[in-house]
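Single chain ahead, by itself, as structure tokens, in the form predicted on its own.
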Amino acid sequence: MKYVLEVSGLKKTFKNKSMEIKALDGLSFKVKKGEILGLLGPNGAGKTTATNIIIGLTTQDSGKIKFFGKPPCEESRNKINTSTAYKILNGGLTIKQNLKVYAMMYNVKNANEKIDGLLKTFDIYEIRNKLVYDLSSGQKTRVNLCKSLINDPEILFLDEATAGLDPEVALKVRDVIRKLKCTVIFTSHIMSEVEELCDRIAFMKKGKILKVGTLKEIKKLVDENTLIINFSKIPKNYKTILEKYDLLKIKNKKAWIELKNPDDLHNITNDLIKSGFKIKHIQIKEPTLEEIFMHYYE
């Protein structure tokens, strides 16, 4: 089966006495088996509402969801799981007790063995009998990750999966995510994580998908690249000469010039050489995912 998750025309409006908030406005997307889809958008874009509807915590006003080509049912719900940095665990229970509750919910066989393996994977086995109430935010994040893998899900929703983690722990978590043999819907405000992990990226705004594609395809949406030139020698009037270009900055014989058309590269470098510059090194820098994100949401 090509698509394990299909979302079509989801709409959701929250109402109170004074106003209506349209959280989703015809949201549609598909996720392929085994891929990691990055779902990006500013606060209020509808990411959390969409996830809560898909996993069954909230009902939509209209629209359809299909798991493995069929409408949601108990069988398909047992094949999905989720981890969020904002999920509230039972603070009065220990780490292991919390995970045992979820293991019973999913009818996990050999639960103790499964739980201990996950605790060791995320380096929290030694504190397994510690109350969740006494955990740091990073430790709670790791417990939630254990919870999300307790049933070996075929579709996994990860919301801010590395929130509160030390850099070395976050690195290990990303390595675990990369090796998962399941489909992942991944949201994060850390753009480098999205670039590193995701097969495709979807930009979401006001309850809709704006653009979706691979990182390479997404980067083509913004034409501007940056031309970075290191000079071994610059003329005295270098500032006047560089003013004719879209100069971003110059520092320590290094200039950053906005390159809107790659065909301009030859003309710019040729002109600089004729003007007395001696070029040591040239680099063309593509826009980062964060820069593209800001382009769409500014």
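One-based numbering along the sequence shown. No experiment lies behind these values; they were computed from the predicted model shown.
FYI, the form predicted together with a small molecule isn't displayed, but the following is about it.
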_Since the partner isn't included here, can you check whether the small molecule sits close to all of 90, 133 and 138 in the model of the complex (heavy atom within 4.5 Å for each)?_
no
_Stretch from 39-47, 260-268, 59-67, 225-233 whose residues place a heavy atom within 4.5 Å of the small molecule in the model of the complex_ = 39-47
_Although the partner isn't part of this model, could you tell me whether residue 23 comes within 4.5 Å of the small molecule in the model of the complex, counting any heavy atom of the residue?_
yes
*Should residue 18 be classed as touching the small molecule in the model of the complex when contacts are defined as heavy atoms within 4.5 Å?*
no
